[in-house]
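First, one chain by itself: the form predicted alone, in structure tokens.
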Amino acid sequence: MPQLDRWDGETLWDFAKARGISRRRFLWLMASGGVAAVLAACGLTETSGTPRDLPPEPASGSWFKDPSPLIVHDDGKSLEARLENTRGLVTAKSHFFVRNNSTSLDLDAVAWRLSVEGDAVANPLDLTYNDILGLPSRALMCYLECAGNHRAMFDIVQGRAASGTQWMTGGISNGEWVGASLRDVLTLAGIANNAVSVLLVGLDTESPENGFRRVLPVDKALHPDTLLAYSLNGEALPKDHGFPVRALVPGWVGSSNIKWLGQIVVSSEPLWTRNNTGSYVFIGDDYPPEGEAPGKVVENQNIKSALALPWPAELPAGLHRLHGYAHSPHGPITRVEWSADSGTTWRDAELSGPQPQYSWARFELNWRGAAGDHALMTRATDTAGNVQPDSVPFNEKGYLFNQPLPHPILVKNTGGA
């Protein structure tokens, strides 16, 4: 057997795959027994195959990931991605943003259960992790974005601060997800024709309402790409991202993608919770009340773009090949433009590579900077004809800011005197 310095996830998966272990079986073994369980399934024991320098398991209540590659907000409950650390389409798990309303949970996949109940199902269910893994799987490349991504720009750009985590441009990441379709579970439960609302409830009891929760309309819940996800970037979900199972709702704000999912309630009546009344609602003069909410409920994301640079950025004088990311819930990005003169004139950036499924798009541009202070702006267009607006109306909680951002860049002349 090859001597390995340590069993990281990808090395162990390659080792297991070569011995006939399926990806689904690998995820189950990792969830139920970790490295030792995988090695046992491969015919090895810890003493014969497991290195002695494995890092210890994280203590209960601690963060799974090292926050150092990210920007820490809210005493560690929110970790903002640095877009400049992502080069391709997929965000590495170590650099994936995190938004929590409580401490990340340490859950046992063997003991975990998902209940499906409510007055609009004929066959209430109590599902195990293995039950979910046994359903037909779907793989999606999909970005996940907090509703408050770019929130700080209400203050920086408009001079009017909104409440909430002051995300800059990194309340978003893009990943490769695998899961079962929520529709398949609802079908097994015998969802009724009069179903209206599907309530998703997490097991994080420190969150408001004894478990973070969000309501989906039945048509969104039944979309085949609304997933009960159990894998991110080829491995079982990290605990920060909802292990063992979370919801993945493409195109909808991050709060809809409930982590540590434990309960689904299907109702024949519209359901209202904190997260579609007091929170995740546009509150402001431009937003009349909707149902029991004081304004329009925030559901879909919107079209955005951002440069993958620190804020503010510092660059040496000369020609630079810059890149960034653009995305829209309404369709693929067809165009990204950039401006170096506050939007007076615009030039086309280059879209680089494919934009699969619900992924963001990567763009590149050439810019020559002379010594001094500059600001570059970008704006995106999608296949449905949506374009980032010149301005957006203020809302108290700072959701969905998407006007073009004047990204500050200080160019330093590094030449001799």
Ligand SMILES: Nc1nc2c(c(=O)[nH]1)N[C@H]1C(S)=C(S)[C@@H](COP(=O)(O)O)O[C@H]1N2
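For every residue, the number given is its place in the sequence shown, counted from 1. All values derive from a computational prediction rather than experimental measurement.
Beyond the structure shown, there is the form predicted in complex with the named molecule, which is absent from this document and is the topic of what follows.
Taken together, D204, F212 and H241 are fully in contact with the named molecule in the predicted complex: each brings a heavy atom within 4.5 Å. None of the heavy atoms of H150 is located within 4.5 Å of the named molecule in the predicted complex. In the predicted complex, N257 approaches the named molecule with a heavy atom inside 4.5 Å.
In the predicted complex, N100 approaches the named molecule with a heavy atom inside 4.5 Å. In the predicted complex, the named molecule lies farther than 4.5 Å from every heavy atom of Y143. A single residue from the set W311, Y287, Y280, W112 has any heavy atom within 4.5 angstroms of the named molecule in the predicted complex; that residue is Y280. A single residue from the set F154, W338, F96, Y129 has any heavy atom within 4.5 angstroms of the named molecule in the predicted complex; that residue is F96. In short, of 241 to 249, 134 to 142, 82 to 90, 181 to 189 it is 241 to 249 that has heavy atoms within 4.5 Å of the named molecule in the predicted complex.
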